[in-house]
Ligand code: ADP
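As structure tokens, one chain now follows by itself in the form predicted alone.
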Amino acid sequence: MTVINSLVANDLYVDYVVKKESISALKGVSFHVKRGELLVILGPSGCGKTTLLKTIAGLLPIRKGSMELDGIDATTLAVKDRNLAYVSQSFTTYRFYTVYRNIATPLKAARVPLDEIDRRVHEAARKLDIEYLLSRKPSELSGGQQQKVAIAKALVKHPSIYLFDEPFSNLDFKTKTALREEIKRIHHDDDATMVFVTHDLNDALALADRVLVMEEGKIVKEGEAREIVFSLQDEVGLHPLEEGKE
């Protein structure tokens, strides 16, 4: 069977400029994401994993190397043309909009017909069990509900790849655990391709089809979730946490 890759990155180098000094954030990163795969990128703060996600999204330029999205050279694609959905750790909602309008925002920007917008908004809200919140404002929602709205905004785009940047960082353990299950279900039911960035071994163990481990701008390990998680148990900053202790 032919394996179809949604994303292929070869020898990526990405730099930051801090006080006129160039700092190498990614140092020869190569990997792929198969269509329908949930890939977790795991590592401590400052290892380059968020930089890598932003590079995939087109928010940071590549100094050296290449990247293809669905077989197309990503350097030829503007951010809006990459058909990606980015969910960050902050609750990306417009506080003066209703939940419905927040979820519909990317579709309105793309000038999708109103009846199609309505269908997609309700479909996404139903998948995340937030249809009853559609008329509310973000200030009336809990943190977990706001993050569900952010995920719904990603769902309505029908993206080729979902990019999750530590989306559980600001959530309590119970909410985080529930949202893990939501993302896992969407991945399974929609055969969705996802790249999920985290520092938490529990996220990797619960979600990943495959895990990449990053350190100092490089990929240092790759493998199945259980294999990687148990190999990292004794490493500082990457301890799995006891149930309910997060």
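From 1 onward, residues are counted along the sequence shown. Nothing here was measured: the structure is a model prediction, and the numbers come from that model.
Keep in mind that the form predicted together with this ligand is not shown, yet the notes after this line are about it.
**Q** If we take heavy atoms and a 4.5 Å cut-off, which stretch out of 63-71, 175-183, 42-50, 188-196 is in contact with this ligand in the model of the complex?
**A** The contacting stretch is 42-50.
**Q** For V229, is any heavy atom within 4.5 Å of this ligand in the model of the complex, or not?
**A** Contact check for V229: no, nothing within 4.5 Å of this ligand in the model of the complex.
**Q** Is A25 near this ligand? Define near as a heavy atom within 4.5 Å, in the model of the complex.
**A** Yes, A25 sits close enough to this ligand in the model of the complex that at least one of its heavy atoms falls within 4.5 Å.
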